[in-house]
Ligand code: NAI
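A single chain, nothing else alongside it, follows as structure tokens in the form predicted alone.
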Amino acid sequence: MTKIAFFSTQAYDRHFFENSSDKHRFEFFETRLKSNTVQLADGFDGVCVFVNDKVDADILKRLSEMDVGLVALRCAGFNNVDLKAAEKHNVRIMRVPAYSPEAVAEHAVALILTLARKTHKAYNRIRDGNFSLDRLTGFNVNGKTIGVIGTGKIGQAFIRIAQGFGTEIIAFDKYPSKALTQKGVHYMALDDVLANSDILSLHCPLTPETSHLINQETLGKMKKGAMLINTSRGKLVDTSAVIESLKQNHLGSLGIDVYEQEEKLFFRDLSEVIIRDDQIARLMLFPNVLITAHQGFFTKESLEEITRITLKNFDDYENKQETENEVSCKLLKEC
């Protein structure tokens, strides 16, 4: 029986995993995996982590010294894992490559529609008995040009929905999809996508190449008044540059479900404490900014699929089987 230590545990993790398998034994820790909590993994065969857990070279070395041979990610992204160190210390890394692309894509569209029609403002007004339409003028999504950066599974799901609104879709991806081109998606150079998008939605992974992809320079290339949506990874966006662009009235609106310093904030109730992150506090003051706390993935269907695939990863590890869900320098031909 494989013993797995869960880190960054939320109530929904317990609900979906606690009684899901009699083949493995689980212990749940609310704390994140980091240098001063890694000792909690001692005596376990593997750890199960989420997006903000730290799996760097030091953590992997210490896991290996405790005979922990598996890091199972309850997510698709693995930018928080040092794959070189994992290979060096013989720790297998497995992930959930695609749990529900539609969940994240639909959330991105929800952010767009909320900002476009100011429904969040209308909701708060009505609760205060204010039925005025003053300053609630929105705009049609129909007829707009939507730029998509990254046309993997989530990007493709987003495009399918967005085309239903009667929009023109332009896209940038290092590996353009012939199938999307046949469906009317126009691939362009990144600068052209930035310059021509009324709405720009990010669906690319976080890599050294894409870190701060949206920065002072690229924001300057965007249309004045354009909307920026990020449901991918927080560090794709330079927050300070976005704040400045909003202050200068160049960026028209911003919808984010991820934030580059989110590990200090998201998945926690901070309603009774002072938030010491000046950047997110500033963003929360803009009337044209909408922030959700990494809930794009958070649907019943997604959680069921994450549970199913993660359990399969545990089984494959225990049975020493190869799996398409494994990530390594060798398999990715990187590092």
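In this text the structure is predicted, and so the values were computed from the model without any measurement. Note that residue numbering begins at 1 and tracks the sequence as displayed.
The next section is about a form of this same protein that is not shown, the form predicted in complex with the ligand.
Residue in contact with the ligand in the model of the complex (any heavy atom within 4.5 Å), chosen from 178, 135, 174, 247: 174.
The stretch among 81-89, 126-134, 112-120, 145-153 whose residues place heavy atoms within 4.5 Å of the ligand in the model of the complex is 145-153.
The candidate site formed by 106, 158 and 286 is entirely out of contact with the ligand in the model of the complex, as no residue has a non-hydrogen atom within 4.5 angstroms of it. Remark: residue 97 counts among the residues lining the ligand in the model of the complex, judged by a heavy atom distance of 4.5 Å or less. Interface membership of residue 54, defined by any non-hydrogen atom within 4.5 Å of the ligand in the model of the complex, is ruled out. Shown alone here, residue 235 lies farther than 4.5 Å from the ligand in the model of the complex, counting heavy atoms only. Contact between residue 204 and the ligand in the model of the complex is found at the 4.5 Å heavy atom cutoff. Contacts with the ligand in the model of the complex, taken as any heavy atom within 4.5 Å, map within 296-316 to 296, 297.
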